[in-house]
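Only one chain is included here, represented as structure tokens and corresponding to the form predicted alone.
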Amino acid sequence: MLAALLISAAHGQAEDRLAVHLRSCAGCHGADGNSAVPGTPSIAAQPQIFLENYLVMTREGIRGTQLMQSLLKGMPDREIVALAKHFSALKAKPAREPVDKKLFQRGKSVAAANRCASCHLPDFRGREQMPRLAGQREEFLAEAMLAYRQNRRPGGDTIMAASLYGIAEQDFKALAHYFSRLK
């Protein structure tokens, strides 16, 4: 009986901690995982493995902002897995701003020529450790690509940096516009 009460209490504490973490995440990334904060990525519908890896690397001080690092400091793996599972199950929402048809088509052409779909999948929903690009915040994507190109994305994937090599920086805006408008 005592063991059952202790297990029940521990489970309740874990649920309380998860609720606190979710409220913290919602402050920047949105309660539904779709950020309304410029420069802050949407995390809804990101692949669970991608989110787990990113959160662990952030907790360990390898990636992410100082704020994210401080929020994740000391967080147990089971809580990181719970957060990743939660946000990966949410629905992504594409940009609501109008489509610039010329910029969209340029981004589509650049994505096809550089085989972006070979890693991120043809609908750009991402998979495993590759993030979802479809519906991601436009300005976040453009800045992330530039940061990869300029080697200022701490803990960044070297394959991504190499993949962006040879793409004109002005095309990052077109790629970001294209990806952000996909559903």
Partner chain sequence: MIRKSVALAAASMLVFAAQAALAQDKPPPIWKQGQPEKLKDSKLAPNPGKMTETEAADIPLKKLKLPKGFKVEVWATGMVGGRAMAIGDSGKKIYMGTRGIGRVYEVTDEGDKRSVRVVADKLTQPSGVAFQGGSLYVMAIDKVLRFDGIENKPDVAPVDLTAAFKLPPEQHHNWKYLAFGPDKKLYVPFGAPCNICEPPKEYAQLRRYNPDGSDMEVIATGIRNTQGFDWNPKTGEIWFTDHGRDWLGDKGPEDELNRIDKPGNYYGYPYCHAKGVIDPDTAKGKKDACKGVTLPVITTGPHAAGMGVKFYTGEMFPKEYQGTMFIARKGSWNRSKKFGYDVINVRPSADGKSAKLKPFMTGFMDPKKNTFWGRPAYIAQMTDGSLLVSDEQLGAIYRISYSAPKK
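The shown structure was predicted, so the numbers you read here are calculated from the model rather than taken from an experiment. Numbering follows the first chain given and starts at 1.
Omitted here: the form predicted in complex with the partner chain. The next part is about that form.
Listed residues L67, A31, I62, A36 were compared with the partner chain in the predicted bound form; I62 is the one with a heavy atom within 4.5 Å. Think of it this way: in the predicted bound form, the partner chain has a heavy atom of just one of L121, A134, A45, L146 within 4.5 Å, and the residue is L121. Using a 4.5 Å cut-off to the partner chain in the predicted bound form, not one of L22, T40 and S180 places a heavy atom inside that distance.
Looking at A162, you'd find a heavy atom of it within 4.5 angstroms of the partner chain in the predicted bound form. The closest non-hydrogen atom of A89 lies beyond 4.5 Å of the partner chain in the predicted bound form. In the predicted bound form, at least one heavy atom of E128 sits within 4.5 Å of the partner chain.
Although the partner is absent here, D100 is not a contact residue: none of its heavy atoms lies within 4.5 angstroms of the partner chain in the predicted bound form. Of the residues in 45-84, those that come within 4.5 Å of the partner chain in the predicted bound form through at least one heavy atom are, in sequence order, I49, E52, N53, V56, M57, R59, E60, G61, I62, D77, V81.
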